[in-house]
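Form predicted on its own, single chain, as structure tokens, below.
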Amino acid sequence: MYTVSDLRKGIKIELDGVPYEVVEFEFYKPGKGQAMYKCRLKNLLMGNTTDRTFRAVDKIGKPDLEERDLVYSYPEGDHYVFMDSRTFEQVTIGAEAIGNQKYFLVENIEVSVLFYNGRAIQVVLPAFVEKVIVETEPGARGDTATNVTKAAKLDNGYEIQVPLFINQGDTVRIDTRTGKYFDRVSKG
């Protein structure tokens, strides 16, 4: 159990059987009465946020969370298979835990997986991955206007906006947090 004074940004707590992460934290003391702790909490199962106020005497549950580093192996229907590189155990994770990050999975990429009561609830990829552009319109020579982009398709069908100088076959770096083009790694 946590006490309210243990609350900090980034700490994970459990309320009513649901794990939350503290996103914002503010302490305030009204002129009269007890000190209050105002928190913005992110639901780790659903992804939505909520505001909650705690009194100094409140007790808060500690969730059964485990974080493991796994290596992505291959897709299997609506699931994705990962391997623990220490124990060589295979772990199958459903598409709902991965979300749109499935487009950035690359074979043998190391990811951090958060488990709640033995169930994977969150997959965190490295900040950047490299993917090959398989389809885009050719860039016209002399198009040097800043911030002009065009659509490009990756090898898995995901579509991103890239600068005009990117061509089919180029390898680009993508920011997995935003899903957007970051820079060109090599020409095709």
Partner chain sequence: MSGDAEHLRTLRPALELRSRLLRALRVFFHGRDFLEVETPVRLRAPAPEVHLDAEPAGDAWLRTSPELHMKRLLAAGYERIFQVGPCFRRGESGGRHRPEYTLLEWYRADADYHDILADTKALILFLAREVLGSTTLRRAGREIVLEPVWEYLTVSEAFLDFAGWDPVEHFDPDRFDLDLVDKVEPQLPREAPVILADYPVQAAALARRKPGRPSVAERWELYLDGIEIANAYSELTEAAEQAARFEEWNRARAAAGKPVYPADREFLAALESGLPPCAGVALGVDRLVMLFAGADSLDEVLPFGGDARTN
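What we label the rigid core is the largest C-alpha set whose atoms superpose within 1.5 Å from one form to the other. Residue numbers count along the first chain shown, from 1. Please read all numbers here as calculations on a predicted model, not as lab measurements.
There is another form of this protein, the form predicted together with its partner chain, and it is not shown here; the text below is about that form.
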Review point. Which of 150-158, 26-34, 61-69, 124-132 has heavy atoms within 4.5 Å of its partner chain in the predicted complex?
Key: 26-34
Point to revise | N48, heavy atom within 4.5 angstroms of its partner chain in the predicted complex | key: no
Exercise for review: Give a yes/no on whether R55 approaches its partner chain to within 4.5 Å in the predicted complex, heavy atoms considered.
Suggested key: yes
Exercise for review: Determine whether any heavy atom of K42 comes within 4.5 Å of a heavy atom of its partner chain in the predicted complex, and answer yes or no.
Suggested key: no
Point to revise | Rigid-core frame, C-alpha of E26, shift of 2 angstroms or more between this form and the one not shown | key: yes
Check your understanding: With the core lined up, does the C-alpha of K59 move 2 Å or more between this form and the one not shown?
Key -> yes
